[in-house]
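Only one chain is included here, represented as structure tokens and corresponding to the form predicted on its own.
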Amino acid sequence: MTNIVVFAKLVPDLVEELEIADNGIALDMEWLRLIINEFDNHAVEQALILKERTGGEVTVIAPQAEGVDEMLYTIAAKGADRVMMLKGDFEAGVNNHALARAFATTVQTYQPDLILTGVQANDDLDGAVGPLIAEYLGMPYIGYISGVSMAGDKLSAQKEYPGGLIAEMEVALPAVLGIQAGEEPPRYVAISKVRQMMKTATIDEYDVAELNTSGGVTANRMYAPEVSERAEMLAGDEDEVATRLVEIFKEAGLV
């Protein structure tokens, strides 16, 4: 029986109006709506597909944040066997190194055969969390995955490259995969089923004693793009436009 663990987190909804906090180095999260990271959602779906196809159990672990309970109950309603919340000072802001360390410490209890996570998130400053988890656990990692099949103690992963190229890679378990897209779109679950799950399912909790953020980048300043007038619209026929382009290149010292 395959033991699959997924790491998922909440991120700012980019549909919302983003504002910078008073400290000038982070977003103002007080009124910001959080939703499950899109790629993590695909990782959950891929895990459920593998469970339905080959059997096994799916555990989803997420760091503490406002609204994470609802996210985990929704995932349980979709078919996850176990959901867990990492408790700690995550809302103060942590980087992927801290998240990966906390997850790696927790997940060893489950002795996973396969770990899935989204290939990236819209609030990342220092790259995807997947490679860091793999490093801390001493497992192989493959990212940008759009399809997975399993056979015994090995799996075959379809990795996407630019230009529409697909590579099929074989890796021995246990392993970590960064999911770009599940084989199917994330499934819909009715609100009534989520509410029922809130009454019957249990969210396990794990207290993270310390969040070690070492190794990550530090934000010195966050600001909206500065407004300036640097665009020039070129009018005229092809010869006139070409002549003006050459003049611009000469003025910039490029030719």
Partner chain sequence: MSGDIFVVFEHLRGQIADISYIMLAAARDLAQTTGGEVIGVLLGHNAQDIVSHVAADRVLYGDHPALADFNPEGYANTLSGLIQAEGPRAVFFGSTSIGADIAGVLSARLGLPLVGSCIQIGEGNIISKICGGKIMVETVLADDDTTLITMIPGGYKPAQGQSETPPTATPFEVSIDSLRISLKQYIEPEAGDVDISSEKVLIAIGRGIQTADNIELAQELAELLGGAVCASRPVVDQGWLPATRLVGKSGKSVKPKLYLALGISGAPEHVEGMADAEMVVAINMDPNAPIFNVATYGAEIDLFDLIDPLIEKLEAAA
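Numbering follows the first chain given and starts at 1. By rigid core we mean the largest C-alpha set that fits within 1.5 Å across both forms. Keep in mind it's a predicted model, so treat the numbers as computed, not measured.
A second form of this protein, the form predicted together with the partner chain, is not displayed here; the remarks below concern that form.
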{"item": "The partner chain contact at G88 in the predicted complex, heavy atom, 4.5 Å", "value": "no"}
{"item": "Contact flag, A98 vs the partner chain in the predicted complex, heavy atom cut 4.5 Å", "value": "no"}
{"item": "Contact label in the predicted complex: G143 to the partner chain, heavy atom within 4.5 Å", "value": "yes"}
{"item": "Close approach of G138 to the partner chain in the predicted complex, 4.5 Å, heavy atom", "value": "yes"}
{"item": "The partner chain in the predicted complex - contacting residues of 146 to 173, heavy atom within 4.5 Å", "value": "Q158, K159, E160, Y161, G163, G164, L165, I166, A167, E168, M169, E170, V171, A172"}
{"item": "Core-aligned C-alpha movement of V227 between this form and the one not shown reaching 2 Å", "value": "yes"}
{"item": "Core-aligned CA displacement of G236 at least 2 Å between this form and the one not shown", "value": "yes"}
{"item": "Rigid-core frame, C-alpha of V15, shift of 2 angstroms or more between this form and the one not shown", "value": "no"}
